[in-house]
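One chain follows as structure tokens, the form predicted alone.
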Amino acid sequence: MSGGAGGEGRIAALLGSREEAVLDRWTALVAENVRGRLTERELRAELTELYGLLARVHDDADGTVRGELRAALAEMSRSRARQGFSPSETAVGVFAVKQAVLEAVEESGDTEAYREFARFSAFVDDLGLVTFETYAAEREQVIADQAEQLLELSTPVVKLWDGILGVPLVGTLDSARTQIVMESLLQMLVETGSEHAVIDITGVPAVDTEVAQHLLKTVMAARLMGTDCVISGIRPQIAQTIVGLGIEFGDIVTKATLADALAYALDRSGVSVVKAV
């Protein structure tokens, strides 16, 4: 492992001559950490690939093997992140090879290999940083994907009646969520051809100027699709806040309850609902 790639010939020779022993020990150390979340067969296959690349680094004149090794570690890190492993559990998969190699060096009694182990250890530390950076980036992506999925789940668009859609909103309405609401509503309008939509804000804790602007944007986008919107769930407290802030909904119809809004939309659709005698 010359050229600063993690050691010299003694460590490389040791990795070649004691492959099974070192690989067995490395696998055992990592297996203790993953606690059964990966089978021994899966773990062995993964580490065998890394070991083969690690053993070839000393002959890597053009850096090809180092590139393959980093790519393999990056893929392992991404996999660990998606599987829910912690950063330390992921990193130990790399760092444990140092202990396995050190034990092999001690058994060999090769003093030259001892001297080279410091460079090998520093090389593995660099690989550990690659592993951690990739893991962190993948976890951020996983969290972002989950947040987007939660937004989509928290903004459903449902069919209340033929030609009438309902958008029940619960929680705070911000710019990101407004965009999801708008996209979901417009997509459903295209698919169903509905002419009426009820946006229910009963579950929205408070309405301020920003929330009102988000609602207006959604209503205007729906109107451009030829859909008449009704806003329901205007509780007394929210009504007072809206008046106090001087918010104007213009000609947008508002109703106190979802039932009132549905009745209005049905009436506009030419549907009459009467109690059975």
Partner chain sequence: MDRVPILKIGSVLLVSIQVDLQDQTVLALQEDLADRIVRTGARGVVIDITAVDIVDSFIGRMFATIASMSKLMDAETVVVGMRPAVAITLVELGLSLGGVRTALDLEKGMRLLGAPVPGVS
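Positions refer to the first chain, counted from 1. Quick caveat: nothing in here was measured; it's all calculated off a predicted structure. For the two forms, the rigid core is made up of the largest set of C-alpha atoms that agree within 1.5 Å on superposition.
Another form, the form predicted in complex with the partner chain, is not on view; read the next lines as being about it.
- Comparing 23 to 31, 221 to 229, 42 to 50, 57 to 65 against the partner chain in the model of the complex, the single stretch with non-hydrogen atoms within 4.5 angstroms of it is 221 to 229.
- Using a 4.5 angstroms heavy atom cutoff to the partner chain in the model of the complex, none of Ser121, Asp125 and Thr131 count as contacting.
- Not displayed here, the partner chain is kept clear of Thr90 by more than 4.5 Å at the level of heavy atoms in the model of the complex.
- Using a 4.5 angstroms threshold between heavy atoms, Val158 stays clear of the partner chain in the model of the complex.
- Shown alone here, Leu186 lies within 4.5 Å of the partner chain in the model of the complex, counting heavy atoms only.
- Ala71 falls outside the set of residues with a heavy atom inside 4.5 Å of the partner chain in the model of the complex.
- Only one of Gly109, Gly203, Gly193, Gly84 comes within 4.5 Å of the partner chain in the model of the complex through a heavy atom, and that residue is Gly193.
- After superposition on the rigid core, the Cα atom of Leu224 is displaced by 2 Å or more between the shown form and the other one.
- Residue displacement note: Leu186 has its CA displaced by at least 2 Å between the shown form and the other one (rigid core superposed).
- Fitting the two forms on the rigid core leaves the C-alpha of Met76 displaced by under 2 angstroms between the shown form and the other one.
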